[in-house]
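First, one chain by itself in structure tokens, the form predicted alone.
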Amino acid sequence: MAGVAGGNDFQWCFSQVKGAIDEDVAEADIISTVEFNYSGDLLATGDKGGRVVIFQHEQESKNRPHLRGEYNVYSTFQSHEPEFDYLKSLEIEEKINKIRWLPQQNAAHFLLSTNDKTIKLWKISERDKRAEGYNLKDEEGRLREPYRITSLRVPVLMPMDLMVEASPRRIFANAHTYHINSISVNSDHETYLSADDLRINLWHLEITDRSFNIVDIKPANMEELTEVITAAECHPHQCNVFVYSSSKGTIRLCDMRAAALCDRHSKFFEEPEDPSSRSFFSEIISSISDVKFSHSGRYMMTRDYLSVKVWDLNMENRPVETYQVHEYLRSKLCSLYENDCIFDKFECCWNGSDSAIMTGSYNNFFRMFDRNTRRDITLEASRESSKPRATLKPRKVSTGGKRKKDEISVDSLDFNKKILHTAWHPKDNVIAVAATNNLYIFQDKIN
């Protein structure tokens, strides 16, 4: 997709913003995950209050053909409730860590949602008819006395107002000792994996009472623990291949055909560290917060604190592309460590054709990189530019010296405003960006 940096092809413009404008944001309303389904017609968000909100893409109106359809609320439901682990005296948060859609097989939609401990499979279906004329029940639904039934009638389906129902079809629990950080649906559409800090489990979507432990990096003595699993994902086409990233900045690719327990990786991706740039924070900022396969399955992308790297699966010793997200923060690592921002987990995503990538930053900035032209752009999700079809102006951060007119000083960046979760429509240039409790939707402005 050429024109990431607002070239001749198109510019990004504002489409919608969801969520309240209040200055005081309730903790439960903070968005914790964003995910388009396979067609892009549905967009799901999860929040810290355990709720899932699904938006549906409305068809374009003939009166305003220049405006592509908007996303409107389709269904809202409470996915997880707060729980308490009485054995360990620990509260289990209701916060939704990840949502993953399953490919659509029939009229209903299915998605997996997870908090720290429990994964649920939800069915979202529509109902616009109801049955009337039962033999054993009266109009109010009460059971009739058998002796009052003197004739048999055939129940009929009557039209009713459209209802969207969300019902839990499977609950996958009690398989993770540590907090779940990833779920990923396999390309066979029958299995999925879930990862926590030390283990990865493989599940069958139909079986809830057992899963197979395919990776276990827990040492016999926990004092010898040197790294944890930070993210995991299945290959988009090869159902036997998956990758997982670690807090040491390494990625392991495993093949389930090699052994039942994938403790021995097939490939090990690591970039040698430059000794000259080593500092106290090197290990923290090299921790990978997200890993995503490209749609083609040829590449994978990893996000660490300061950069995004694209790896060719055929080359393990270094990434083929490295993009600096906010290099100007390198001099601020000490204060970012003190306010815990250095531990923020930013996600990253590909566009539909794998030609561009997007990830978030601070001050409600998000970054896009065009892989073909090597151009990049910084955009801002803010209500100031939230007029319909308003073009997003590129933002620039001054890194010292004299600040130009449109530049923002590093010292004036708001580190409480951060974009951790983003999603790109699988086919179109439509992006969803979560900024605290607001969901911004942007699209390309065709000139």
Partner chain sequence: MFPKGTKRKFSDSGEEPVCSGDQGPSASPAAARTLSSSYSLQRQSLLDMSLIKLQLCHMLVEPNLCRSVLIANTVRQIQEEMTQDGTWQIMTQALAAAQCPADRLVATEVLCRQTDAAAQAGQSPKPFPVSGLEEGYHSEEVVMDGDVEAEVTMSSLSPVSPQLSSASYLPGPFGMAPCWEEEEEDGDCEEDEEEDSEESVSEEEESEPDHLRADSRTGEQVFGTFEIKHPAPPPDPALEELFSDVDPSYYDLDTVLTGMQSTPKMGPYDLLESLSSHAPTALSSSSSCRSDLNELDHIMEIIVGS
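All values reported here derive from a predicted model rather than from experimental measurement. Positions refer to the first chain, counted from 1.
The following text describes the form predicted together with its partner chain, which does not appear among the structures shown.
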- Item | Touches its partner chain in the predicted bound form: Y86 (any heavy atom, 4.5 Å) | no
- Query: Is H265 close enough to touch its partner chain in the predicted bound form, meaning at least one heavy atom pair within 4.5 Å?
  - Reply: no
- Item | is_contact(H179, its partner chain) in the predicted bound form, heavy atom dist at most 4.5 Å | yes
- Message: At 4.5 Å between heavy atoms, is K117 in contact with its partner chain in the predicted bound form?
- Response: yes
- Using heavy atoms only and a 4.5 Å cut-off, determine which of E338, E165, D209, E132 is in contact with its partner chain in the predicted bound form. E338
- Message: Just to be sure I understand the contacts: of C348, A356, I99, L333, which is the one whose heavy atoms reach within 4.5 angstroms of its partner chain in the predicted bound form?
- Response: L333
- Query: So which of 284-292, 185-193, 120-128, 144-152 is the stretch with heavy atoms within 4.5 Å of its partner chain in the predicted bound form?
  - Reply: 284-292
- Item | Residues within 4.5 Å of its partner chain in the predicted bound form, restricted to 412-435 and counted by heavy atom | S412, L413, D414, F415, N416
